[in-house]
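Take a look at this single chain, the form predicted on its own, given in structure tokens.
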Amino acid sequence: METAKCLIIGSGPAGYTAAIYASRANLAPILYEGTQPGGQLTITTEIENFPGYPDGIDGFEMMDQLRRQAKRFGTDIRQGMITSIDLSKRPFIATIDDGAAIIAADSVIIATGASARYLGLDDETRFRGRGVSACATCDGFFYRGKTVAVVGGGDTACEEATYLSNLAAKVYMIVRKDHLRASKVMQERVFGTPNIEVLFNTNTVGLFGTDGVEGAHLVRHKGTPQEEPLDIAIDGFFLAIGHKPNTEFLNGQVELDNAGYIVTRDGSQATSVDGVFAAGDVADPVYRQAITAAGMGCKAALDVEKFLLANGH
């Protein structure tokens, strides 16, 4: 059985930054990249809000740079996925690709991220990165003066729509129900914003465009005698129907909040299991930004170093 001082599960800005710091601390980390090396940023066309890139940078290129930096300092970066892990005692036993390999780790950093929920339309995949986004604060800047749509009726959707209203000329909110689920304060903000139009009782059934999103196919009052098709012209389509933290492989062994995000404690990246740390979107239901994920990755690696020293490694 292979052993590791520090096992990092997941890539992206949290995993790669943790690897950089852990490598420089001489912890010889092993990092498994998972099914999407580089994480969600690899499908983002351009990142303009990460410090140090005044002209912006392609998401895939940025993750490749972080990856190469981690590798330069000695991180053992591997393809594959941790399909299960036993956190009941140390060393922790991780199984890769359903038994292809097994690693005994003295410490673990979980950086598996959170996946945005999509409607399940083929067009969402076709236009991802070309008009379809799940992060208004990441991509809203590209739609200054344009028309966009936000799908969802909760607080997140209202927050995204309000944020976009300061950039876009027009914001549609596409809401399946006949009301918003958001808090009263958020509803008042939406209804008080002149360039936000809420389309209640409306489902999205498709998107259209040539090189990018140019519009959406909608159905109003679906499944009722009042059902009618509606097409709207838009330049951007934002999903705001929630995120799903990628924690299934943990099988409930660490404390999660009500939404399934890993709970960290004492102002650190430590989880409810000693020696297990979490960083990035998997432990962040609030910000979900590349820069905050990278900061959490740094903290997690420093926490690991301190933990290993305190436990005789």
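Start at 1 and count along the sequence shown; that's the residue number. In this text the structure is predicted, and so the values were computed from the model without any measurement.
Here the subject shifts to the form predicted together with a small molecule, a form of this protein not shown in this document.
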Even though the small molecule is not shown here, does L119 get within 4.5 Å of it in the predicted complex, heavy atoms only?
yes
Taking heavy atoms and a 4.5 Å cut-off, does D155 contact the small molecule in the predicted complex?
yes
Is D106 one of the residues lying within 4.5 Å of the small molecule in the predicted complex, judged by heavy atom distances?
no
How about Y53: is it within 4.5 Å of the small molecule in the predicted complex, going by heavy atoms?
no
Of these, 234-242, 67-75, 191-199, 86-94, which stretch puts a heavy atom within 4.5 angstroms of the small molecule in the predicted complex?
234-242
Taking R144, T147 and V205 as the candidate spot, are all three within 4.5 angstroms of the small molecule in the predicted complex by heavy atoms?
no
Heavy atom within 4.5 Å of the small molecule in the predicted complex: which of V151, A134, V213, I82 fits that? Just give me the one.
V151
Direction of Cα pair change A283-E160 in the predicted complex, magnitude 3 angstroms or more
farther
Do A293 and G153 have their C-alpha atoms closer or farther apart in the predicted complex than here, with the shift being 3 angstroms or more?
closer
